[in-house]
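In the form predicted on its own, a lone chain appears below as structure tokens.
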Amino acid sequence: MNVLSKIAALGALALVTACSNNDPSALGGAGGGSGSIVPGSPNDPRSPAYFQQAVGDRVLFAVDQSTLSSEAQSILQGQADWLLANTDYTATIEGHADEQGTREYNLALGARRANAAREFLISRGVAGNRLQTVSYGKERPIEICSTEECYSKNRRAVTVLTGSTAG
């Protein structure tokens, strides 16, 4: 067998294998092949993993601020679009602060940050009864440090999908 015959035989074998797979996406159809959509995975646009990784589940804030930056608004707009397209999900928005300041101050600041994100989502059409808030203040840092680079990662509001209201 020459090289061209071998390539043709391998191609035919691959086609037969794909046809016998009973999976319509095996021939590279919608979501098929190497880019197939696995339900619940980060490449499934309806999944919480997709929401977290592709849309973005968190927004960051400046020191002692609960005002949404333009970057935060852009991320929250993506969250609103996703939540409007996936109405069977609810969410809890967690407010966080860096380790500077008192526990009480940071709990109040975290609450303001969570509420700012919630109000933005509501203003974009997400039903308020689908969104809860909680403040953790400085109690749940993602970085433990004493530098501005680390502090900035802890000043955040995180939208956590709390479940599907559908069966």
Partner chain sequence: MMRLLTSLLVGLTLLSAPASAQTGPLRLELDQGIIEPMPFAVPNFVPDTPAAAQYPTDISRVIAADLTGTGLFREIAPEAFISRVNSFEAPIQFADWKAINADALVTGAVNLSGNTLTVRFRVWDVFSGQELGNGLQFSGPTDGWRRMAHKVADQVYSRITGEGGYFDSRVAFVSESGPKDQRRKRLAIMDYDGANVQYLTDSAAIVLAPRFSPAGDRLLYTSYESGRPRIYLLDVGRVKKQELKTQDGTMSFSPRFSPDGRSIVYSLTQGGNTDLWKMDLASGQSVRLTNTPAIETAPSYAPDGSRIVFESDRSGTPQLYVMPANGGEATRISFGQGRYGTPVWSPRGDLIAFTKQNKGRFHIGVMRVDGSEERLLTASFLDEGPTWSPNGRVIMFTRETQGASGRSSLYSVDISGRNLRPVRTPDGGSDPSWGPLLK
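Residue numbers count along the first chain shown, from 1. Only a predicted model underlies this, so the values are computations on that prediction, with no experimental measurement involved.
Although not depicted, the form predicted in complex with its partner chain is the subject of the following passage.
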- Residue contact check: residue 58 to its partner chain in the model of the complex, 4.5 Å heavy atom: no
- Message: With a cut-off of 4.5 Å between heavy atoms, is residue 86 one of the residues that contacts its partner chain in the model of the complex?
- Response: no
- Query: Is residue 136 close enough to its partner chain in the model of the complex to count, meaning some heavy atom within 4.5 Å?
  - Reply: yes
- Going by a heavy atom distance of 4.5 Å, is residue 50 a contact of its partner chain in the model of the complex? no
- Item | Candidate site 75, 81 and 127: all three near its partner chain in the model of the complex by heavy atom within 4.5 Å | no
- Identify which of 54, 111, 122, 37 has a heavy atom within 4.5 Å of its partner chain in the model of the complex; exactly one of them does. 111
- Give, in sequence order, every residue of 84-122 that has a heavy atom within 4.5 Å of its partner chain in the model of the complex, or say none if there are no such residues. 92, 99, 100, 101, 102, 103, 104, 105, 107, 108, 109, 111, 112, 115
